[in-house]
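Next up: just one chain, as structure tokens, the form predicted alone.
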Amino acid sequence: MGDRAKSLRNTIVLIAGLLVFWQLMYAVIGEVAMRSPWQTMRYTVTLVETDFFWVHLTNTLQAFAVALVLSVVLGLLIGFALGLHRLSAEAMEPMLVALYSIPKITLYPIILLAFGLGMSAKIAFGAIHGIIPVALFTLNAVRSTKPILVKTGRVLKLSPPAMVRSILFPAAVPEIFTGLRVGFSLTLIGTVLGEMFAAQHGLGYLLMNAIGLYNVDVIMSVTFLLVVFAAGVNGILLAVDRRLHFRV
């Protein structure tokens, strides 16, 4: 059996196992706090046919897209800048790790004061979740680059931008892509959390409003859609990530 067939089989088994577990949890908890997989999927079809759902979905995707671009661009810039200067990396890396370990929800009051309610706050909250992991993975990728490649660039008297473009980035692509995959997931989480606490549009707001109204159907459907989207994109990114590492 080929690798693709094994991967497909494992995916099917995993999905089936999760559905069985979901059904068992529903059997234990009941209608009070859950819906069965079939009920959730049936209501999801009804939900996605409504206009107001697409308004919230579009708002979330817009905020997430901008936050992801900021996370990637700023994360790469910080990672390469620190990777090119060892002393700066030694001084800043512990600070980045410390910031990464802080629960980001504690920073939300500052985000609200700085950006106010609305799209800008959601983008900022999503970006602060994704920038640091992208920066740390990029920094470690640059640090792991073969010294002979860096020495060659210095012998050729390449400028820092040329060094990054011609040597560091091609050599570090596999590790950088891993950071981008992690940054994608965390940026999505940050964007949805931002919508839950300071927005009037978006899937996070829709989810928080459903929690307030104790609308279990909407809670289950929105959560289901977010999980399917995140798992689907992450599955694609993971496949690309493995291929990049395999080629190294």
Partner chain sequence: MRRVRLYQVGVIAGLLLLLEALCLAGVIDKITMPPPHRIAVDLVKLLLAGKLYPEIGKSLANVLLAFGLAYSTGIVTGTVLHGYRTARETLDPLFATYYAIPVFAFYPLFIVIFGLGDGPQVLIGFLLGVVAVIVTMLNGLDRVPRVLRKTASICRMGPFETAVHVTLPFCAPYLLTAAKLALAYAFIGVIGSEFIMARSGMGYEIGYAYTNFDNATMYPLIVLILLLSIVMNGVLTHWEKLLLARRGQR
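Residue numbers count along the first chain shown, from 1. None of these values were measured; they are calculated from a predicted model.
The form predicted in complex with the partner chain is left out here; the points below concern that form.
Heavy atoms of every residue among L14, A98 and I110 are located within 4.5 Å of the partner chain in the predicted bound form. Heavy atoms of P160 never reach within 4.5 Å of the partner chain in the predicted bound form, leaving it off the interface. Shown alone here, Q39 lies farther than 4.5 Å from the partner chain in the predicted bound form, counting heavy atoms only. The closest heavy atom approach of V227 to the partner chain in the predicted bound form falls within 4.5 Å. P103 belongs to the set of residues with a heavy atom inside 4.5 Å of the partner chain in the predicted bound form. Residues placing heavy atoms within 4.5 Å of the partner chain in the predicted bound form fall in a single listed stretch, namely 111-119, out of 170-178, 111-119, 151-159, 131-139.
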